[in-house]
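The chain below stands alone and is given in structure tokens; this is the form predicted on its own.
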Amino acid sequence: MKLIMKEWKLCMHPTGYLMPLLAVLVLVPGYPYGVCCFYVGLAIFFICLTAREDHDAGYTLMLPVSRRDAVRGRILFCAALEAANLMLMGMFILIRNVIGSLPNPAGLDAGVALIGDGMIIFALFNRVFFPVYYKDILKPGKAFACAAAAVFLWIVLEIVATHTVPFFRDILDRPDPMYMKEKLLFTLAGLALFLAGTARGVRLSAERFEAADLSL
């Protein structure tokens, strides 16, 4: 918890406050809602960039903590931002359903399944970004480029699937509360992937950060 507070006080970038709020774009008709999650990934990139410019790694490792603890603190802090984005997205989905919504031609409609989709996006981001980043913390841009490519590939596949794959088109992309059981199962699967992807990201990142040469 102390390392998470350190991340918030010393590494937080203004985009870390702004980007989760872009979940409000769920209210925009015809918008690819998965991009709302990508914006949080952009904020995480700026957080890591700020940490590099402020020589946060050197400071953190002067504390009585291990490299593994430092990695865990950063990733858990970023996962909290992702969770905040998903909660805000859920709130705006409820608002959109109350005021009424038209079918979204650019991917999943605003509904329960969209939360599961967001969890899958964050699972991909955490699994790709952090292991690449902690291999060389001086190059957060490289890590972000790799993670962004993975995320946008999934977003494109999801948009195509809502028009071509029966499970996405006929069940997940239907207005709530239709097929709620299937949508909840999909969301639970997304949660499992988010937890597994993030845990795997922590493990690989810790291994690479422990092997990294920080003498420069």
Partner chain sequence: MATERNSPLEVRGLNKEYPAFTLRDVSFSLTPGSITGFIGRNGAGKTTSINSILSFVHPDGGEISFFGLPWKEHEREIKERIGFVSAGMTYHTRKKLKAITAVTRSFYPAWDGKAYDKYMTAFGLDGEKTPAELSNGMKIKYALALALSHGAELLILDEPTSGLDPVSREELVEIFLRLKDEGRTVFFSTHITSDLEKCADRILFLQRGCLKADDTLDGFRDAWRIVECAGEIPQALMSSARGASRTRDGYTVLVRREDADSFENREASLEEILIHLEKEADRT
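Numbering follows the first chain given and starts at 1. Everything numeric in this text was worked out from a predicted model, so none of it was measured.
Not pictured, yet referred to below: the form predicted together with the partner chain.
Trainee: Any chance Gly30 has a heavy atom within 4.5 Å of the partner chain in the predicted complex?
Mentor: Close contact is absent here: in the predicted complex, Gly30 is far from the partner chain, nothing within 4.5 Å, heavy atoms only.
Trainee: Can you work out whether Arg67 and the partner chain are in contact in the predicted complex, taking contact to mean some heavy atom pair no more than 4.5 Å apart?
Mentor: Yes, contact at 4.5 Å.
Trainee: Indicate whether the partner chain has at least one heavy atom within 4.5 Å of a heavy atom of Leu10 in the predicted complex.
Mentor: Contact with the partner chain, yes.
Trainee: Since only the chain is shown here, I'm wondering whether Lys181 would be in contact with the partner chain in the predicted complex (any heavy atom pair within 4.5 Å).
Mentor: Although the partner chain is absent here, Lys181 would stay clear of it in the predicted complex, with no heavy atoms inside 4.5 Å.
Trainee: Would you say all of Leu3, Tyr59 and Leu63 touch the partner chain in the predicted complex, counting a heavy atom within 4.5 Å as a touch?
Mentor: All three within 4.5 Å in the predicted complex.
Trainee: Pick from 186-194, 48-56, 167-175, 31-39: which stretch has non-hydrogen atoms within 4.5 Å of the partner chain in the predicted complex?
Mentor: Every other range fails; the passing one is 48-56.
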